[in-house]
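The chain below stands alone and is given as structure tokens, in the form predicted alone.
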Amino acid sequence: MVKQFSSVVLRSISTLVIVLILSFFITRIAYRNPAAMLAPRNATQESIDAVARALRLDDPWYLQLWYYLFRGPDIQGAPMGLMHWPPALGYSFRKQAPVTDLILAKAPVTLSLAIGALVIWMTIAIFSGVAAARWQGRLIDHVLAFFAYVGLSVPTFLSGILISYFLFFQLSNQGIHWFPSSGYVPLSEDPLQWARHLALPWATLAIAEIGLFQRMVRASMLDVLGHDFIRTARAKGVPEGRVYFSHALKSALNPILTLGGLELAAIMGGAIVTETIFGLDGVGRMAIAAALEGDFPVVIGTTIFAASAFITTTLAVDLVAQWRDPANRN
């Protein structure tokens, strides 16, 4: 178990290093003349050259990478490279602020969006998936399959616009102001307003995920229901509700948890469409804005952040799966 964990950690660190190097070189290829993008509009060539010198953009690539890792811009005389503690993910040319601080300011929005949506879609998917498996081939199974396929077929941008139109615009026209159309209120400031502002974004993401997870729960349940320990439980007179939820679901959860962790990590990288539709100032919107403005330290920083979220979540899911495996408890 310890050797397995060490290999996973080593693989995670290697992945982050590869992501860092690839994102560094890709941004250098994508932004051939970043100084021109960062300089004021109608700037002279002398001004553009001055920007390049000030930001070390005219240095060879290996010096730029060395500065990024070990030095960074000097802020109040302190080096801010990625290899210093605390690690600094670069310095935003546009915002004139450390990228780490910018990401930490946006992360609560994206984290709230991702975790809230995960709880909603996992809860609905598990109960509907168990119901579909329990009444396989019957009307309820077909109805749930229909809604699952509809949810999978509708793009997120369309479902977000429709949800906003009906649950905000139309309700507001009727004098019913249940859901705000945009914005974010921190959980620590007002939990009720936090939930109200995120309800529509949560629903948008949940609709996109429920169908996939419901079909996966159904398939996993049907696979487990054919095992001997399920027949033994039924032979002992265990009620059907306990057979499905306490026995079958418990054994079928591992692949569902794994996929849930991967989807959570993907959203943590930035649910760009949902954040844009509902005016949530999260990591995804910041990354897109930085890419359009040529602020490549922010692009690299958000890429590393997304990769770190993915790796951390995957590691946590693997540990939970190993802990749930009866073979590892003996």
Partner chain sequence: MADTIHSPVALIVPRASPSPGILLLKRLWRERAVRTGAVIVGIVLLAALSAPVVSHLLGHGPMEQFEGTALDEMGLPIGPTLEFPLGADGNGRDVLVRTLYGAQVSLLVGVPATTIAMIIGTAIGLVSGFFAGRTDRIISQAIDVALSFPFVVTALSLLALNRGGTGQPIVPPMVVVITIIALFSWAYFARLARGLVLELRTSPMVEASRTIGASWARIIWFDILPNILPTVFVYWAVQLPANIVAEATLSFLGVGIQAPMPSWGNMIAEAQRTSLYQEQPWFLAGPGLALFLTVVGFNTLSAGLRNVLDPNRRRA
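Residue numbers count along the first chain shown, from 1. For the two forms, the rigid core is made up of the largest set of C-alpha atoms that agree within 1.5 Å on superposition. None of the values given here were measured: they were computed from a predicted structure.
Not pictured, yet referred to below: the form predicted together with its partner chain.
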Q | Interface segment, criterion being heavy atoms within 4.5 Å of its partner chain in the model of the complex, picked from 157-165, 109-117, 95-103, 204-212 | A | 157-165
Q.
Please tell me whether any heavy atom belonging to residue 153 falls inside 4.5 Å of a heavy atom of its partner chain, as the geometry stands in the model of the complex.
A. yes
(Q) Please determine whether residue 36 contacts its partner chain in the model of the complex, using a 4.5 Å cut-off between heavy atoms. (A) no
Q. Does any heavy atom of residue 296 come within 4.5 Å of a heavy atom of its partner chain in the model of the complex?
A. yes
(Q) How about residue 149 - does it come within 4.5 Å of its partner chain in the model of the complex, if we only consider non-hydrogen atoms? (A) yes
Q. Pick from 55, 65, 48, 26: which residue has any heavy atom within 4.5 angstroms of its partner chain in the model of the complex?
A. 26
(Q) Please determine whether each residue of 19, 30 and 291 possesses a non-hydrogen atom within 4.5 angstroms of its partner chain in the model of the complex. (A) yes
Q) Which residues within 214-237 place at least one heavy atom within 4.5 Å of its partner chain in the model of the complex? A) 218, 219, 222
Q) Once everything's superposed on the core, is residue 310 shifted 2 Å or more at the Cα between this form and the one not shown? A) no
